[in-house]
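Before any questions on binding or motion, here is one chain by itself as structure tokens, the form predicted on its own.
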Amino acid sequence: MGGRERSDSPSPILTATGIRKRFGRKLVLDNVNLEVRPGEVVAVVGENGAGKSTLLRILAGFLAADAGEVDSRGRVGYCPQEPGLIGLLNAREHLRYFGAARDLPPGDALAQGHELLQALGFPVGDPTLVQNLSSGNRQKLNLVLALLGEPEILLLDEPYQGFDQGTYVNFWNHVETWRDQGKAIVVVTHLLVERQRADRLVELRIPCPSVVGGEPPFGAS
């Protein structure tokens, strides 16, 4: 999957320029730039604390950057590392609730969601409350909610947490399918083998504080 070069490469559908973010006195992202094109898988890598999850939250519009701009030209599906689920609802109720946020009629949300859940090996129709699901099934539902409404841009923050080996392989097979469908995909990962599945890598580094004081030098993108 890696290393594709195309002379007819389309224009970026997602662009981030000069992204900077602090939490208190801690500089997390400094002058980070990113471009993603339709039909491209970009792996975001870096050590813990490099701001990978923070960057995806900014790209998804859930967190404001202190400086810089994000230009998104398509619908965004965001899968956070920690499932943003409601413990007292079951999977079917989640599909209806999150589908409404995508302006999907309940029937369409359920049909779409059930097809995606079945493809990931989730027991469709299971009435179990989310708080009682296994971590793997919670993560499957978390991923499917990001896919509702057929977004053109997928922002996936280590979306396979809790998957068994078969589901993990199945997930990456789906990534290839989504890429071939023209989706722009950003995946936060830390495993070396996964980098080979991406078309391009973006490495984030922890910004270094200035030796003399003032603003730290810009980080990496």
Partner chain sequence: MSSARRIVIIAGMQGRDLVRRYVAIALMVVLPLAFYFALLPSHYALLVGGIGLAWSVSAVGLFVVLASRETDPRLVLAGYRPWELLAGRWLLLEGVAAILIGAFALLFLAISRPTATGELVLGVSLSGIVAVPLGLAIGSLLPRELEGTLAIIALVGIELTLPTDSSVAPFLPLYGSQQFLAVAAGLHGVTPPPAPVSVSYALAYTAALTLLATLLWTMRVRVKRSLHRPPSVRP
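Positions refer to the first chain, counted from 1. Owing to the predicted nature of the structure, the values given are computational and were not obtained by experimental measurement.
A second form of this protein, the form predicted together with its partner chain, is not displayed here; the remarks below concern that form.
Checklist entry - If you check in the predicted complex, is residue 137 within 4.5 Å of its partner chain, heavy atoms only? => result Answer no; every heavy atom of residue 137 is more than 4.5 Å from its partner chain in the predicted complex.
Next on the checklist: If we define contact as a non-hydrogen atom of the residue within 4.5 angstroms of the partner, is residue 58 a contact of its partner chain in the predicted complex?
Outcome noted: Although its partner chain is absent here, residue 58 would touch it in the predicted complex, with heavy atoms inside 4.5 Å.
Checklist entry - Quick one: is residue 150 in contact with its partner chain in the predicted complex, heavy atoms, 4.5 Å cut-off? => result No, residue 150 is distant from the partner.
Next on the checklist: Even though the partner isn't displayed, in the predicted complex is residue 67 close enough to its partner chain, meaning a heavy atom within 4.5 Å?
Outcome noted: The answer is yes: residue 67 has a heavy atom within 4.5 Å of its partner chain.
Item to check | Region of this chain that lies against its partner chain in the predicted complex, out of 170-178, 58-66, 43-51, 157-165 [heavy atom, 4.5 Å] | outcome: Looking at the partner contacts, the answer comes out as 58-66.
Checklist entry - Which residue, 111, 124, 120, 86, has a heavy atom that falls within 4.5 Å of its partner chain in the predicted complex? => result Among 111, 124, 120, 86, a heavy atom within 4.5 Å of its partner chain in the predicted complex occurs only for 86.
Item to check | Contacts with its partner chain in the predicted complex, stretch 141-164 (heavy atom within 4.5 Å) | outcome: Residues within 4.5 Å: 142, 145, 146.
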